[in-house]
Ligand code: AOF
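Next up: just one chain, as structure tokens, the form predicted alone.
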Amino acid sequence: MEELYKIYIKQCIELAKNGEGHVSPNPLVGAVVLDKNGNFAGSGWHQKYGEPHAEPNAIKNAEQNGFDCKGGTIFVSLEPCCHYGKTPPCADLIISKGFKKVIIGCTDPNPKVAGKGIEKLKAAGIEVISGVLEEECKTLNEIFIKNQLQKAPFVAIKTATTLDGKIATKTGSSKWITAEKARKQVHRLRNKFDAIITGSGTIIADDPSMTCRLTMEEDGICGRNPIRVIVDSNAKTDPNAKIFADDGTKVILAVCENIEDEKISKYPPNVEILKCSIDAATGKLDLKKLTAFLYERGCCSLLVEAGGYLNGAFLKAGLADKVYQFIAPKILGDDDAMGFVRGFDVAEISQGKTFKIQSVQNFDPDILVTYS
């Protein structure tokens, strides 16, 4: 029976991923319904913030398929909510439909829930089993969990490197290190995060648009552009750069607080100028305050796509929760080529940043190694 539970919770996890890019600041949740005889009845996921959660969508699907939920089982990747928010409590719906059993991946860290949903279900006489594929379910909602527990955004660094960790030659040549499949996956990552952060050096060197180019026709996903944030202390970025395009996406230019108005007046009206304080220890923009500001503005997750120095600054500040490293089977072997992390002064191996390898995926001919 335990293996069967894992199979259905795994389905819940995969269903939940369909909500990436559309449910923030809510969690990603998937649900599967079995009837009283153990037959698959229906499934669903949380599709959009403010709209029905996974449980009501799965129940509706089961009923549309002609099944009665009474006496059945519902599997859900995250503990059903028990409070009124944008939608009614899912726990109440489950009770009203007469389910006999609820199988849960992990508990909800939201203080308004945090075990209360499970207690409510049990008090109604429903058998509840929780902690099935718990770590996988926590990984699915690592962004939401950090938001709830630390009231801070989840920050990931994305980079594309050679085998020897280089992102460009000494002349700045970098297109393309990785092949098409890996670059397509980058767009899937962008769709997942609320905002992209890059630096002026990257804009000057590559003039990227930093958009999400996923289409329903080609990719089965209708991608959405995350907010674009440019860290540019002295406002030296060309105002005609692609990243400033007025395509309906919010663009934020983070500059030092004492910058002259003349330097920032050149940017188009769709660009929001954010004057930031300087970190006394580094002499650079205070990234902790920048990320806190973005979180207050509703950016629950931040994807850093930048050069070595800004990547290094996020790591040194202890702000990076995860690193996505796309690795191409190429070697530059040049001491002057640009590494994906720079700015450290390390004498001993023990002083280096240590991560855990979370996964390795193949995007032939490249691989993606994810560290956390």
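Keep in mind the model is a prediction, meaning the values are calculated, not measured. Just count from 1 along the sequence shown to find any residue number.
One more form of this protein should be noted, the form predicted in complex with this ligand, which is absent from this view; the next part is about it.
Remark: residue 105 does not count among the residues lining this ligand in the model of the complex, judged by a heavy atom distance of 4.5 Å or less. In the model of the complex, this ligand sits within 4.5 Å of a heavy atom belonging to residue 110. In the model of the complex, no heavy atom of residue 43 sits within 4.5 Å of this ligand. In the model of the complex, residue 86 approaches this ligand with a heavy atom inside 4.5 Å. Remark: all three candidate residues (80, 90 and 144) come within 4.5 Å of this ligand in the model of the complex, counting heavy atoms only. This chain is displayed without this ligand, yet in the model of the complex the stretch 21 to 29 from 357 to 365, 7 to 15, 344 to 352, 21 to 29 comes within 4.5 Å of it by heavy atoms.
Taking a 4.5 Å heavy atom cutoff to this ligand in the model of the complex, the contact residue among 139, 148, 209, 185 is 148. Residues are counted as partner-facing when one of their heavy atoms sits within 4.5 Å of this ligand in the model of the complex; in 43 to 70 these are 46, 53, 54, 55, in sequence order.
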